[in-house]
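Only one chain is included here, represented as structure tokens and corresponding to the form predicted alone.
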Amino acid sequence: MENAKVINLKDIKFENGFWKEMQELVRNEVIPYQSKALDDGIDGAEPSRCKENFRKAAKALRLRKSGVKTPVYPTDKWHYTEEAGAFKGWVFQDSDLYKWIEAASYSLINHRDLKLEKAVDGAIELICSAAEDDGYIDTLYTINNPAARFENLRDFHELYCFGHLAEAACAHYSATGKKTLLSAAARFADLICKEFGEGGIQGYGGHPIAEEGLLKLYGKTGKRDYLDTARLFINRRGTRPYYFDLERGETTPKGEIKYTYNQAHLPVREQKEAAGHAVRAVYLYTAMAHLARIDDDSELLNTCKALFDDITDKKMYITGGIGSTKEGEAFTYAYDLPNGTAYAETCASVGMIFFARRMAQADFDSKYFNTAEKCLYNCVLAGMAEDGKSFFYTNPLEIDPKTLAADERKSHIKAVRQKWFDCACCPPNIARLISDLGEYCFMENDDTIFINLYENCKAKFDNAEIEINGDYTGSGKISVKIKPAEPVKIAFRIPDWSDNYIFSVKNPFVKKGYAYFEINEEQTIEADFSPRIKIMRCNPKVRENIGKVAVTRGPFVYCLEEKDNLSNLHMLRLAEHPKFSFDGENIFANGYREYFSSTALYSEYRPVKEKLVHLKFIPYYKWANRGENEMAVYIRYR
């Protein structure tokens, strides 16, 4: 099995470019805004209650340690709003603060900021104040009923919150060298290893991520127990008798499948189709791919390959969105990709990028970062407004605001981004990914440096220094300057949208979508990926898009908005010969608008009457930044 390591974020510096601007937006606007939101300080926004819960948990611990008996509240729901002294919000509310710390930590690596560092230290102090003596941290149970912990692993997210805590702790230690949060996460991990190890509770979390958290802690500390417990969680999943049955005193009849929502319906090596809650799925698959690489487990890696291909070949929107239905926020079946009711949760696309990176480290194929790029430039970025102060949870491919209030099937769709959510998993997920994006640009093994994503940057490796400059998202031209300390290979990912790529060094060796160059002395290699405007169609099994096309250029998917093209976008048609033009950001084309003067619901067919119009397409990630209006990715053609 091939094996590559991720480059340390401290060794990569973004310079002026597309993602540098996004990182600065996250640093200057998103991280401060989200900190305020977690403390319920955004006027008109859904309250988070996140920091409030940590304060309540710390108070409850202090009272119990002083001999005061604290009230017992229910721990039997997903969401709590009632009793004043109790936990408030969703069962996974703690994780929002952990993801904020992770995003802020990566940002501190990119840009030293003493004010932000102090704010992070304060958040860590708050978290540690809510830690039980044995290392357990979960404010729901610490506030409401400590005796009930680990009784409902399927639903109530203790292990999920731990996973995000572990990831935040690893990021913060990498950024600052401070061990406070790492030590707290390790103490909780030690407790988990004790409780769930061989001879302990034979369960696993209903929402995977503890597995990846443990694997990251193992990578940071070298403690074998963390690797072993992550492996146990993965190998136990879906085995019979179902653990989630045992929790409830139930028995699933032989042959009946349950717990698909949690990816616990089958043992993981028997799961060949992506199923269930999309975020949970890709978080699990990320850990599976990570473990497969560490253990050199080809069977597990082959399972991951099958799952990855099932998603990208049959269940992914052209924007990189996954999870097509609001029912369970889940995958459905092959080619079921409705536009107007798409769930396509932002978190799911973020998780798909995590999965793609772990797969690329174990199987050097460009398809993984082709997919990551699709998700990144489209669905993920669409989840955040241009000012960094409002967000989408779901990401449809068409919308008519007039229909939303009247159609319950679209109750999850918003016409404009929201200031915050009481279930706010997506905003900090975007922030942590963008802040950490430098680690995704490169991979390295013993003799090769792989360039996965192209951004203007400088990077230092053990055997070379690399500087990338250019205009990848515009002209598609880049220049890569390599200063080797010893002979090294450089592998350039060839984007799948590039049909006529040119390298200044002729005849590179190409394998699995990477172009390999032998570098023996200082050298600059130029690449021209020649992005062009493309008319893209779906497989005809995607029923909603028969006779329709989408417009793309380079990594970007484009859409129509009412602001530029008037209402009733479904009445538009792209001309057979559109005469495309490009102004550096937007695409213009000839098209037609159908006009129909009758108000009759039905009438005998007559040839369609149309008038010529000039269409404007904007990048999908920019939609809904000019107020509420119609939007459509797909347009009729011919």
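Residue positions are given as counts along the sequence shown, with the first one as 1. Just so we're clear, the structure is a prediction, and the values are computed from it rather than from any experiment.
Below: the form predicted in complex with a further copy of the same chain, not depicted.
Stretch-level contact check against a further copy of the same chain in the model of the complex with heavy atoms at 4.5 Å: of 445-453, 83-91, 404-412, 146-154, the positive one is 404-412. Contact annotation: D43 falls outside 4.5 Å of a further copy of the same chain in the model of the complex, judged by heavy atom distances. Although the partner is absent from this view, N539 contacts a further copy of the same chain in the model of the complex, with a non-hydrogen atom inside 4.5 angstroms. Interface membership of G584, defined by any non-hydrogen atom within 4.5 Å of a further copy of the same chain in the model of the complex, is ruled out. a further copy of the same chain in the model of the complex is not approached by N520, whose heavy atoms all lie more than 4.5 angstroms from it. With the partner removed from view, the residue among K194, K481, R417, K326 that has a non-hydrogen atom within 4.5 Å of a further copy of the same chain in the model of the complex turns out to be K326. A heavy atom within 4.5 Å of a further copy of the same chain in the model of the complex is found for exactly one of F162, Y317, Y106, F369: Y317.
Residues K374, E398 are the ones in 362-399 with at least one heavy atom within 4.5 Å of a further copy of the same chain in the model of the complex, listed in sequence order.
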